[in-house]
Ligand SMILES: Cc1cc2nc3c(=O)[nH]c(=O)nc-3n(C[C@H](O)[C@H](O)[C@H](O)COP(=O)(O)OP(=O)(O)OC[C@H]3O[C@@H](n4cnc5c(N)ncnc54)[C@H](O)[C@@H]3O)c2cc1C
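So this first bit is one chain, no partners, the form predicted on its own, shown in structure tokens.
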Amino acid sequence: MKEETDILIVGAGLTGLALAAALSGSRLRVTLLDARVEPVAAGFAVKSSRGFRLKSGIAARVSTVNPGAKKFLTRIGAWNRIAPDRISTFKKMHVWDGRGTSHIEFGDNGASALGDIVENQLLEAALIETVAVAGNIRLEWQAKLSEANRVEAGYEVQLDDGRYFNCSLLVGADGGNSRVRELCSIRSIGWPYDQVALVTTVETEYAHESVARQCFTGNGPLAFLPLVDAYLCSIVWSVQDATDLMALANKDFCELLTRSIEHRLGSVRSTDKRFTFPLIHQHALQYVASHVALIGDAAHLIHPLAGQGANLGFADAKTLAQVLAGARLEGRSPGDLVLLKQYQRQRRLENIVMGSVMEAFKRIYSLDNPGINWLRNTGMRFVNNNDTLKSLITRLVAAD
């Protein structure tokens, strides 16, 4: 027996959950499937350290949420479900070249927030709670997509457990290795960065003062993101090979971080457990086809230099939800290709621009010779002394 739904979203990560939440109350029947076991609600642990070993009580994976994404998450009812004392707001950002003398400073004490740092698991939990109270949304875990076949009115989808769904619109929110993208024969282009991101939480000697910091080191860009505790930072270090870094004793790793960030926060006193994940650049040639759409990482993957991956995904979810709400009002099928192309037109160019800018930064700062170093530092000084350019960059990153 086939189960009927208007919209079938595959992937209950941040982007898929955000789309479902944005469709709450739309009178569209929404089914959200995820192959994972249902996540356990994030608890809170008191910070403790012993020697150079830290137990921060904070998950290693965090997201930078820009003002536009925050406004969207607030509107769909998710943001206010996150405890305020687990959200770190920053109004300043310092960026500098560790192989030169130039820097850029964004924001000031009187400025509006540049962004918020939130643990991914807290964002996910808030979105799950939001979806759970929506009468038109059904969320199922341990539901793995097996087949997707085009039929006259949309797609017939089969799960590994033998169940079938018929839907008017199939949405791929299932990450960079999207099964939906594969089954629907939507091509993508991409390449590995030959880098991995090392992430963890560290405790520093000096308070971070709610300033986000990023240094372009000889080993790769290193970000210190301020957390709710004044002496804790989430770090993201993009390096070519993390094998040696992962093997370092905590003391040696802390000392290396201290040198790499040029003692800007005094000494790094302790470190939590370290994790790594590979970095790739990838972009779908099309975001939509008849009765199918891709959002988030299924459509685009970019370098985490500016921490904009989650924000681009939230913007995708917001735009697609608006298009689908319009389809409902006009009495048109959610899978109408003409309508879906509106979503593609609104999102594809912005995503390409952001991905291209991150790609350019990654390549420029991967090179190390006197001429390139001079050019980089000259460029950074020019930007730092030009308030108009800094304002444009800030608006791009904080886009609504």
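Throughout, we count residues from 1 along the sequence that is shown. Keep in mind the model is a prediction, meaning the values are calculated, not measured.
There is another form of this protein, the form predicted in complex with the ligand, and it is not shown here; the text below is about that form.
- This chain is displayed without the ligand, yet in the predicted complex the stretch 169 to 177 from 169 to 177, 149 to 157, 213 to 221, 244 to 252 comes within 4.5 Å of it by heavy atoms.
- None of 130, 271, 308, 204 but one reaches within 4.5 angstroms of the ligand in the predicted complex through a heavy atom, and that residue is 308.
- Out of the listed residues 233, 184, 137, 236, 236 is the one that sits within 4.5 Å of the ligand in the predicted complex by at least one heavy atom.
- For the chain shown alone, residue 144 is a contact residue for the ligand in the predicted complex, at least one non-hydrogen atom being within 4.5 angstroms.
- Remark: residue 33 counts among the residues lining the ligand in the predicted complex, judged by a heavy atom distance of 4.5 Å or less.
- Proximity of residue 62 to the ligand in the predicted complex falls within the 4.5 Å heavy atom cutoff.
- Proximity of residue 289 to the ligand in the predicted complex: non-hydrogen atoms within 4.5 Å are absent; the residue sits far from the partner.
- Taking the ligand as positioned in the predicted complex, the residues of 256 to 283 that bring a heavy atom within 4.5 Å of it are, in sequence order, 277, 279.
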